[in-house]
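First comes one chain, alone, set out as structure tokens in the form predicted alone.
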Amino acid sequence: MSEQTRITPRCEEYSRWYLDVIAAARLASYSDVPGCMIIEPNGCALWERVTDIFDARIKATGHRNVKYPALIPLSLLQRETEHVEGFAPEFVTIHSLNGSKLEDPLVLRPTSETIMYADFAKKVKAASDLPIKINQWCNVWRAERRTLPFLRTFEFYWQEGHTAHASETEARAEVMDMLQEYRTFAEGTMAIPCILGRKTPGERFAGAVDTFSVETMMQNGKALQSATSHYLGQNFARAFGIKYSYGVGESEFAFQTSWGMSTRILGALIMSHSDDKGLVLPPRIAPVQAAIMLIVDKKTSSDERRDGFLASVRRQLDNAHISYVLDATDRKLGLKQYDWEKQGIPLRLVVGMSEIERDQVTIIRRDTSAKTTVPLDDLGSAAALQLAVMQADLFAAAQERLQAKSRVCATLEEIRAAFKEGNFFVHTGWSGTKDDEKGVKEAGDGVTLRCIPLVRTAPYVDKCFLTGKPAEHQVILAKAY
């Protein structure tokens, strides 16, 4: 992806628009390794914001970070049959080292349950060894056939939390606590409204008893699974021998969880807020919240007041704890505007002779392009207020879109008609059988059953849209990335 001047309008070709925004904002580019992306400095800064903010929450909830090897012996993966069946098509396997064939091939980690849990088994002997609550920030590999930057790549980055507990009650509480942490982060920091739900048996994580997901809607009405939290029960504990002793001659297998969020959350961020001008970043996640655009011309450069004025601007922003960058290049103001606009910087601050003479600063909001002029002495408080309002406005706009693009349908015919019209979150009734889950494809090309919402927000549909039988669950159908 090379930097370009034109961004394809969303209404013209949404997928091309998405790639153009990534390129224009210099977030990522293609590498020489098929299916792998280079995360550029702007993209890295954004991911670092995600890791810094969410890592603090992980630690605040009692978890500690670890680092496990990226190579996993195939024999470990084969200990949990269901796990292997779930990931075998995505394995990237190394069969030889230094020209010698390996008796036990090594797999680039698609996820770390197996190598971690073999280690857990060595550490857990008594109830006092529990709980284990760890998290790992790392890269993983999945042999994806179709790739899309941030959303689905051969190699990507994530955090994966893994815990082991002495009781089912404690483990299930962990699953729901972390699910809520994801929601708080997505909504409070990234301004993306979420629907929390339980996955159906066919959509569960391989080896899990229950999988819960954070479902988000993109601007085109498609769904994106933005995070997951899994209750693993005792499945892996039995496979790896993770058990603790209690009483005389008594033992119990541990109850486990895992939960994760990857760089696809950046894809969700891009597609939730950006426009035809480029990237739009909510202020709380933006690595840089303001760009000071100094108009460099003969008058400004020769004016002895300039440096003092700039120092005051920076001091105002520092005191308000607003991150910023100073653009003092000799480019025309229009080019500076365009450059920082497509990079999604929430606020652009214009400083030229007009501002210096009037002792004021012009503020331009990225999302609305609204311009306001404020006295220099009020800049910090005014900019902070605009950032807060922008954060709230972006979330409100995303909420309105989620509501506008949601439908309630009772029959298969109604659902088909809805998806022929466009992309929606369709709320409907479902009888909950495996056969019915297979039949979801009848709802339309690419339509999947996203989740069973934990909180129902749509009118109740009392019959299954496929069979007409009494509905066991209220579900959401959508096309998804």
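This structure is a prediction, so every number in the text was calculated from the model and none was measured. A residue's number is simply how far along the shown sequence it sits, counting from 1.
There is another form of the same protein, the form predicted together with a further copy of the same chain; it is not shown, and what comes next is about it.
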| item | value |
| --- | --- |
| Contacting member of D339, D275, E155, E187, with respect to a further copy of the same chain in the predicted complex [4.5 Å, heavy atom] | E155 |
| Contact residue in the predicted complex, chosen from A384, L376, L224, L108 - any heavy atom within 4.5 Å of a further copy of the same chain | L108 |
| Contact check for C44, K67 and T93 against a further copy of the same chain in the predicted complex, heavy atom at 4.5 Å | yes |
| a further copy of the same chain contact in the predicted complex: D129, any heavy atom under 4.5 Å | yes |
| In the predicted complex, G267 touching a further copy of the same chain (heavy atom, 4.5 Å) | no |
| a further copy of the same chain contact at K122 in the predicted complex, heavy atom, 4.5 Å | yes |
| Contact test in the predicted complex: M37 vs a further copy of the same chain, heavy atoms, 4.5 Å | yes |
| Options 57 to 65, 450 to 458, 435 to 443, 414 to 422; stretch whose heavy atom lies within 4.5 Å of a further copy of the same chain in the predicted complex | 57 to 65 |
| Partner contacts in the predicted complex for 361 to 384 (non-hydrogen atom within 4.5 angstroms of a further copy of the same chain) | none |
